[in-house]
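Before any questions on how it binds or moves, here is one chain, the form predicted alone, in structure tokens.
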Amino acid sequence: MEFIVDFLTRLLMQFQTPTLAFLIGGMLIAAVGSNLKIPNAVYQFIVFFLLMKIGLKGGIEIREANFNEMFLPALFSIIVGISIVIAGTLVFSLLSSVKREDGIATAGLFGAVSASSLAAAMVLLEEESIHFEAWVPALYPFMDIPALILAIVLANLHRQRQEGSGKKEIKVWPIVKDSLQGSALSALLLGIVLGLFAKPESILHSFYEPMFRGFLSVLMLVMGMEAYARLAELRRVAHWFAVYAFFAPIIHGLFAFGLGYLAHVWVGFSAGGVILFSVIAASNSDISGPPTLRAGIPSANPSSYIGSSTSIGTPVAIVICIPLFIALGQQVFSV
């Protein structure tokens, strides 16, 4: 009962935080037909800025971290990404009204990671004074890339069976390359490398950290506007996508929380790290994943997987999952 009260209290408080307020604000101005637009170049710069900051801090922390502490969470990240795609594909395969490629692409996008949800969770954990290892955001590619690769491979195998073609080699490296070259993952990895091999502490503290929350608020505004715009697309596809998009982030996060707890017991993974790891699993890619899947599974309908992720999945991850896992973490770890 105490957990439920704590979660509901945090959920209500969440509506007063700048992160969620700007997300809802974006939805509202889109709903009333406002002509407000954030130029795409500004949006891309903000994403780059946020992920560079996360990467720089993560790289600095990795430089000083114990490899043995990082290995198990990284391994669990791969397991979570692959498991989400397999489970989602199986769920959609049971629904005769859902085209197989659409189901696989949706599972792939929900197995990948959202930069916006990650950034929002980091801010809220810092506001709650809940410590987490700065290298935890570096788990992003360990979950993101395997999920996207597996989704594209499964879709291609299905297409080959449908066409009755013989065995045809599926090249994995181009999929990995496309993922690594995506704008979001490139910025994060660049930041990690610079944090590892350079000494960017001064620029991190004087430039990136002071502006991080301001830029995050603008990103949330854009995400809110995009979420409302995608609702129209989602209405045109099977309602099962909406059901999946609502429940999947919660289930995925709970699965990751369980694995994170094991890492906490076995290698001392922090409570905040477990919470952030759960949010990463609950998130669904809204920046780098869609173009990768568009290219890798061209037969899938973008309205199904992008509409599911942007209009429902991301708001659920931010609005519900972040306070849920903070409340759960406080119950389990007494943080």
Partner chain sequence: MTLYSAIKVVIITEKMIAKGICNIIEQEGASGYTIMAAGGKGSHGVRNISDRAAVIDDFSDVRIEVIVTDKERAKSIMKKVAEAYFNEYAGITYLDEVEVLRLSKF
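Nothing here was measured: the structure is a model prediction, and the numbers come from that model. Positions refer to the first chain, counted from 1.
One more form of this protein should be noted, the form predicted in complex with the partner chain, which is absent from this view; the next part is about it.
*Asks:* So which of 276-284, 291-299, 56-64, 262-270 is the stretch with heavy atoms within 4.5 Å of the partner chain in the predicted complex?
*Replies:* Looking at the partner contacts, the answer comes out as 291-299.
*Asks:* Of Ala138, Met223, Ile145, Leu125, which residue is found within 4.5 angstroms of the partner chain in the predicted complex when only non-hydrogen atoms are counted?
*Replies:* Looking at Ala138, Met223, Ile145, Leu125 one by one, just Met223 meets the 4.5 Å heavy-atom criterion.
*Asks:* Wondering, does Ile38 line up within 4.5 Å of the partner chain in the predicted complex on heavy atoms?
*Replies:* Ile38 belongs to the contact set for the partner chain.
*Asks:* Although the partner isn't part of this model, could you tell me whether His131 comes within 4.5 Å of the partner chain in the predicted complex, counting any heavy atom of the residue?
*Replies:* So His131 does not count as contacting the partner chain.
*Asks:* Wondering, does Leu51 line up within 4.5 Å of the partner chain in the predicted complex on heavy atoms?
*Replies:* No, no contact at 4.5 Å.
*Asks:* Wondering, does Arg159 line up within 4.5 Å of the partner chain in the predicted complex on heavy atoms?
*Replies:* Flag for Arg159 set to yes.
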